[in-house]
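One chain comes next, on its own, written out as structure tokens in the form predicted alone.
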Amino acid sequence: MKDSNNQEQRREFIRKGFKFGLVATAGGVLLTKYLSTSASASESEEMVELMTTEGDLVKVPKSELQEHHNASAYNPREGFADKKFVMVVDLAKCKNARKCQEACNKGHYITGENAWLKIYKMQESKETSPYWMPTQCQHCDKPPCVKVCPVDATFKRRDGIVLIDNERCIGCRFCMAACPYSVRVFNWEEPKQEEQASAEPYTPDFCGKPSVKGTVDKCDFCPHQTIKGEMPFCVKACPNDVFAFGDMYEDAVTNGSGTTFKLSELLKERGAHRLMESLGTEPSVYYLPPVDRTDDFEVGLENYTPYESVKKDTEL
């Protein structure tokens, strides 16, 4: 774990990285120029931090950066052309605190049983140890839900995020039948959301704002947070740093405490896996196995509630 100053530096790096669209694959060439420039830069010039391909933080002049993403150029259905958003879930750290779910529900105005992020009690057999498993939309690179939608309501953006445009959704639920992860929910009743959910103009990159009776909802990876340089609600709210979010092209993910990891090394060293890999859906969510857990499984039983609504929501 890094010290508090380093955590704040890394948190600032993520904000800068999302804002300026920095790509680590090109960093080896670009940073050579930046480093030589920064050596002769005026001390009064504003500096920002970047991460090299080796994972080191360096300061470069802000004038050397090009701002790719701004509110006027951003298209919610197209996303960011130079990003590939991914999430890492560390099962060894999850103790079913449900702060992630609470923050997601509050941030997206979700009510009732329609939580997009669910935590399941998992156990492969009676001889093996149980563990807690957060599950949300996997934002697949090859999403079957997109293929079956007859009205282009479910769509995949260039940055890998899969969204639902509920102004197009006709409630056929073909997407729910096609999704092998059972992570979509259907609004059977009129959502009883606060007025703020409908106060601003509708945009398809902020699912649930507002939710509409007779349409489908799901996790959206919080692109409305990312464009502001902030982390998804679940990442920020988790007290145990279960979630880490970032850009595969930058080869970096950051948890709620602000600690940044090199994605490729983290996945390899911790033996990461993706759900139902054999289906060929290519999920953007990676799971780290529940080994060397920080707390006993029983710690989370106090908050455990079986999700009886899952079966109802996935039946056609």
Partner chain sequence: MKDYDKIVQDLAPKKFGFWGKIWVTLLCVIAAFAMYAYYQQLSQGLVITHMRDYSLWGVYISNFVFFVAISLVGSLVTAILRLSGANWATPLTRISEVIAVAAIVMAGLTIIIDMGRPERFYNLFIHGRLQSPIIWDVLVITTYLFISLLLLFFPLLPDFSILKKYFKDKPKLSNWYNRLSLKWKGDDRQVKIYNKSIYTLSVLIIPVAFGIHTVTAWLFATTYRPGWDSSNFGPYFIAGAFVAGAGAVVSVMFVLRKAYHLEDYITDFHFDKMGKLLVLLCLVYLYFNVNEYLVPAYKTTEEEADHLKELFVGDYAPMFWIVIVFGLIVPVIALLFKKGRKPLPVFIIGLFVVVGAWWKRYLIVTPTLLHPFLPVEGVPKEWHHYFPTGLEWTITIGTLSGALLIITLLFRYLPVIPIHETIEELEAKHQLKAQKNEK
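Numbering follows the first chain given and starts at 1. Computed from a prediction, not measured in an experiment: that's the story for all the values here.
There is another form of this protein, the form predicted in complex with its partner chain, and it is not shown here; the text below is about that form.
- When its partner chain is considered in the predicted complex, T281 lines it closely, a heavy atom lying within 4.5 Å.
- Contact annotation for A81: none of its heavy atoms lies within 4.5 Å of its partner chain in the predicted complex.
- The closest heavy atom approach of K228 to its partner chain in the predicted complex falls outside 4.5 Å.
- When its partner chain is considered in the predicted complex, K106 lies well away from it, no heavy atom lying within 4.5 Å.
- Not one of D251, F261 and G271 places a heavy atom within 4.5 Å of its partner chain in the predicted complex.
- In summary, the region of this chain contacting its partner chain in the predicted complex, judged by heavy atoms within 4.5 Å and restricted to 117-125, 193-201, 234-242, 85-93, corresponds to 117-125.
- Contacts between 208-243 and its partner chain, taken as any heavy atom within 4.5 Å in the predicted complex, involve V212, K213, G214, T215.
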